[in-house]
Each structure stands twice: as structure tokens, then as C-alpha cells.
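Coming up is one lone chain in C-alpha cells, specifically the form predicted alone.
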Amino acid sequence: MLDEAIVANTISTALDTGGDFAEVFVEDKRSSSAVLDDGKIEELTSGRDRGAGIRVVVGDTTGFAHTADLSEKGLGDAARAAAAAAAGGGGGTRTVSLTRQQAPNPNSVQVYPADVPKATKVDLLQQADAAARQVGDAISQVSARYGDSRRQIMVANSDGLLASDDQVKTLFSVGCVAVGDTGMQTGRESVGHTIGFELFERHDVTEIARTAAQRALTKLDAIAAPSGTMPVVVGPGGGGVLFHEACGHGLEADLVAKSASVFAGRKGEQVATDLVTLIDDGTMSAEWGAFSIDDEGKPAQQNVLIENGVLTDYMWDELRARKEGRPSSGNGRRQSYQHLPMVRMTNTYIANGPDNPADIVAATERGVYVAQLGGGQVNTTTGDFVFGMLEAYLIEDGKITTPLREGNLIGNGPEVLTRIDMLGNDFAMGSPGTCGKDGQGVPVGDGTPTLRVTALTVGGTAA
């Protein structure tokens, strides 16, 4: 992406005023998308964003500058600006020798989306629209979206690190609206992986569309969700976002350092039932949060955060790990070259347990089965959360029965971990997601097997 000598010179310039650490992050990202709504192509876009972010650290102070000018002069100006912002002193010159480092790729790309004609991508949207409408006359509206991106990055720093990655992602989603006696109901399905256009060899867009449409139609017969505290069974994949939000963020080292996490100072403690092993894994082949290196150049890793109920570690970026005299866990991520890296999750999930999923439902006399969770809010300091239920059903006499209209799950993340008494062996990842934190969004994945929480508050409207 850039000549290594220019990158090395830029780092030397950043250190000229006495910086302790300097880093150059270069990014070249191309993306395209197409949107169909009400049978018409409403949007067909493509774009490119290219530039570099330069970080200089002096003591506890960080200076940062970014530029879209990747000439040697442009990079040098940004390096001097970052050094000045870090209030560096002491002068002198440091020469940096870069050594290229290799990290294994979690997947290989067979067909680059940029090589596929736009007409082929549009045809996928039209196929999805037709398939969704064929599911039932009550389907009144269909929207479908195709998206792809190719993000090439290079990271170099004053420790001599030089690493690069080429991340290709492809996404397809369908949303449907059904109209009936109970009003309008919605259904949605999406697939996305860190692979190329071969995504559509693995997933049939007509099946994606039918799934979304059927979810909307099923909810036409839904009743109001109950209210009160009761057992809740969370289905495979669709409930992973609960643990991402309610537990994962609290295990990020920057929030722990600020005492803004309910898990601060609890390493080595039993924080969950011994069934629970919580993992964050950037190496998961082709998953939405997978990569070869993080945005600080560190290889992706599988990090066990909670093992058999015991809190074993937090997630770390480079600077916070340095302060603690330990290695980074490969969780330094940024939205783009215009942003500083921070501690972020990758693919976060609860590992398989010993139970048959059917036995979990059968053992629940009355409760709620949640197949798919939506967005929510979490207070990382207390762990309190509220999540919407996009697809849920009553459990009666150990059987999944009537669909429920959308309600909320209300609880506390650490308490939920201690109330998981059954854990299935049917692990699945959920839909691709974008995690927001401090104004930055990055792609993430989450997953879970079927599990039961003995007591959780359901916020429904049924009397």
C-alpha cells in the first residue's frame, strides 16, 4: 500500500520530538451497496476511502492526526502534528527498522465482489423480492439490501512491527412487512461473512427472503407478550447479542480501567454458573468479526474470558496492555483511519454445553422462548439491560406454542450469568452486526447455543 521506507521515515519523524511510541495506520477501503424497496431499486452506490492515521504517545498523553494525503510530505506533516499534540519534548532522532510480520488468514476469498457485475447483484435483490411475496398474500412490503467491502490495511510502529491485512466482507438482508387483523408485523433475516461473492454459493437469497417473510406472517397470529419474572429459554444464535452487550462490553479493559464495568477487579472470581464459558475469537473462519490482524497490527486471537464460570481475563488493546506489562489480546480496533483504536470485541459467544435443546424446552413448564433478540440498552457500570424480542413464543407444558408480539427482556448481565441452569449443544452464530462504542462502529459477530435463564423479567402488555 505504501513504500516501507516512507512508512519508516514517517515513524522516525513522529519520534523526533521525543515520543515514546509512534504508529502509522494506513487504510484503503472500497465498498458498494444496492437497495431494493417496494419492487424498485432505490439505491446503487459505491465509494472509496483512503488515508492514514498517525498516533504518537508521550507518557500518558496521546497525539493523533489523520490525513488523506499519502505522499511522503503529507504523512510527515501529519506525523509532526500528532507529535505536537502529544506535547513531546527532549528532541533527538530515532531510527526505526521495520520487520514484516505474518498472521494467518481466517479465510480465503474465491470471488472478489468488485469483479462481479452490478446487474448480477441487482438480480439477487429482485429474486429475493419475488420469493418473499410468494410466501403469502399478506406480505405487503419487501426491502432487500446487498453490500460488500474490501478493506486493505497496513500497520507499522516504532517497535518495528509491520503487518497488513486484506478484509473482504459480503452481506445480504431482507425485511418484510405483513398486514392482517392485528395490524402490521415485520420479519427480517440477514447473512454476512468475511468472504467474497461466494457467499451466495453457501446461502440462497430466496431462502433468506422466505425466512424473513414467514417471520412476519407468523407474527400476524401473535398474542401480547406476558409480563413478569419467569424462565426464559434463548434459542441458538439469535440470543448472542444479549451476552455481547450485557457482558462483553464489561470485559473490555478500557471500561475496566475506568471502573465503568461491573466486572472490574473480579478476575479469578466465579461470575457465572460452571456451565458458562464465554469466548471472544477474531480467528473464527469467515465470521463477521474475523480478521488476520487487529487495527494495531496484532494477530487475531481466541480469548477465553470466562471459563467454567470463572472470570479469567479481559480484552486488551496495545496501549493498555503495555501499561500492565502484558501482551495485547488482539482487540484493538477502529472504525477507520480517522479514528484512534480502542478495545473492541470481535466474535463473542458462549460455548456449547451438555444439554439436548429439546430437553431444555421440555424441562420448562411455563416461560418464554426467544428465537431472535433485537437492539437494546446496557449500563456497563451496573450491567442492567433492556432488549427487544423480535421473535418469541410462549412455552406451555414444556412445549413451544403461541407466537408473541414484540416485548422486552429486562435484567442484569452478571445476574443472568449466574442463572443459566441449562446449556445446549447446538451452538450457532447469529446475524452479522455493527457494534457502536464512543461514536465508532465496527463489524462483530455473536452466538450462543440454546440456554435457559431461570428467572428474567419479560416486559409485555398482556394482563
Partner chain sequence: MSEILELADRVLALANDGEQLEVVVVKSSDTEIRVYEGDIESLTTADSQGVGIRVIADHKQGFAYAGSLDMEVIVETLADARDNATFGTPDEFLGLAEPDGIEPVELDLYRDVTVASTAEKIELAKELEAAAAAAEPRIQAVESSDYYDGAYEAAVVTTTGIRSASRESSAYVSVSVLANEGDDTQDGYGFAVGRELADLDIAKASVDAADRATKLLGAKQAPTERLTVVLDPYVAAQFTGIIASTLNGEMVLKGRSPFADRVGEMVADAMVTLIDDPTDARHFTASGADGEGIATRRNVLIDGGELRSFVHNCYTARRAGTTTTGSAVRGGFKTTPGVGTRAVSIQPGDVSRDDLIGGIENGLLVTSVSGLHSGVNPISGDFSTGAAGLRIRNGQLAEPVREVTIASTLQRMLLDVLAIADDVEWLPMSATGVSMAIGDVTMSGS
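Because the structure is predicted, anything quoted here is derived from the model rather than measured. Positions refer to the first chain, counted from 1.
The same protein also has a form predicted in complex with the partner chain, omitted here; what follows describes it.
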* Asked: For the spot marked by D37, I41 and G407, is every residue within 4.5 Å of the partner chain in the predicted bound form through some heavy atom?
  -> yes
* Does A363 reach the partner chain in the predicted bound form, with heavy atoms at most 4.5 Å apart? -> no
* Asked: How about Y369: is it within 4.5 Å of the partner chain in the predicted bound form, going by heavy atoms?
  -> no
* Looking at the partner-bound form in the predicted bound form, is G411 within 4.5 Å of the partner chain by any heavy atom? -> yes
* Asked: Is T418 one of the residues lying within 4.5 Å of the partner chain in the predicted bound form, judged by heavy atom distances?
  -> no
* Structure fact -> The listed residue (N352, S173, T211, Q338) that reaches within 4.5 Å of the partner chain in the predicted bound form by any heavy atom is Q338
* Which one of V142, I195, A163, A253 is close to the partner chain in the predicted bound form, taking close to mean a heavy atom within 4.5 Å? -> V142
* **Heavy atom contact within 4.5 Å of the partner chain in the predicted bound form, the stretch among 298-306, 181-189, 152-160, 275-283** => 181-189
* To do: Quick one: name the residues from 380-394 with any non-hydrogen atom within 4.5 angstroms of the partner chain in the predicted bound form.
  => T381, T382, D384, V386, F387, G388
